[in-house]
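Taking the form predicted on its own, here's one chain by itself in structure tokens.
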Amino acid sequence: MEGEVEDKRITLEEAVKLVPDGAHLFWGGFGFQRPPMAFAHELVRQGKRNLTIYTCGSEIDIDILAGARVVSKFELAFFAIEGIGLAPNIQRRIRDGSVQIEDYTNLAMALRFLGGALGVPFMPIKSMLGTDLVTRSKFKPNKVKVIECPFTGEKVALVPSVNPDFSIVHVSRVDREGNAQIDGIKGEDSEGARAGKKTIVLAEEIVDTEFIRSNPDLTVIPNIYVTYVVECPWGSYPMMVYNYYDYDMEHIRMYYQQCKTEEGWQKYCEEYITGVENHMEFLKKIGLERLLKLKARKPLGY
């Protein structure tokens, strides 16, 4: 006889309240694809401070967190708004000294998450030997170590694994037990989710476990790694979720242009984040008609 199923569902507001000031977070998504945008907005609304975020590379989502002074340090491989320009808030916060950036390559960050998932303290990487990140890092002591391989004597770089306090991931669908499925590009979300001490999964929809079991190959984060589940439709807007909706380039361009100045950023934050009560009120402000135009068209998925 099967045991009773654990229901891990909580609200977005409850999930964000779990994150204390000073926490370290793995931040999921891959560029425009599936960033935890709604979680970022709620972190701003709740006034969180002094967070450290680990990610291979994110866009408006982390730019918002820098602008609102939620995050004081990023360990990442890149930050930008793809196809448009560099992230304006992050650039300003670096200049005013309120945000630190610790640079790695994309592969190095991916390996750091894999190392955390495997439970080992570091991971070897050869490609960083050909970069200035080994010799010119401004962070002391330099976290990238170069050693001689004990088996071959050749040089190899080592990067520290990451085991953050929380892993925040937005997925396509999940059941109430926490079995999470991702359509399309998965990025480092599987490794990042397993690396965290606790994992919060946001999803476009919560589905029955029977549906998850009928497509087991899509389940990239099993429930044993998931602490909490949040149903969050349109949770990556204005970015995209493959098979659900496309990105809103008009809104993204507006954000970029407006946030080139501190005054413009403050206006955006008040209008779209702190000036609305929650994620559903944010969606109402965007408008049903605009959202429906972005819905994925089958069989394309975007």
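Just count from 1 along the sequence shown to find any residue number. Because the structure is a prediction, the values reported are computed rather than measured.
Absent from the display: the form predicted in complex with another copy of the chain. The rest refers to it.
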Verify the contact flag for V156: yes if a non-hydrogen atom of it lies within 4.5 Å of a non-hydrogen atom of another copy of the chain in the predicted complex, no if not. yes
Does another copy of the chain come within 4.5 Å of any heavy atom of M123 in the predicted complex? yes
Does another copy of the chain get within 4.5 angstroms of any non-hydrogen atom of L218 in the predicted complex? yes
Is K186 part of the interface with another copy of the chain in the predicted complex - any heavy atom within 4.5 Å? yes
Residue within 4.5 Å of another copy of the chain in the predicted complex by heavy atom, from I182, V229, V162, V71, is I182
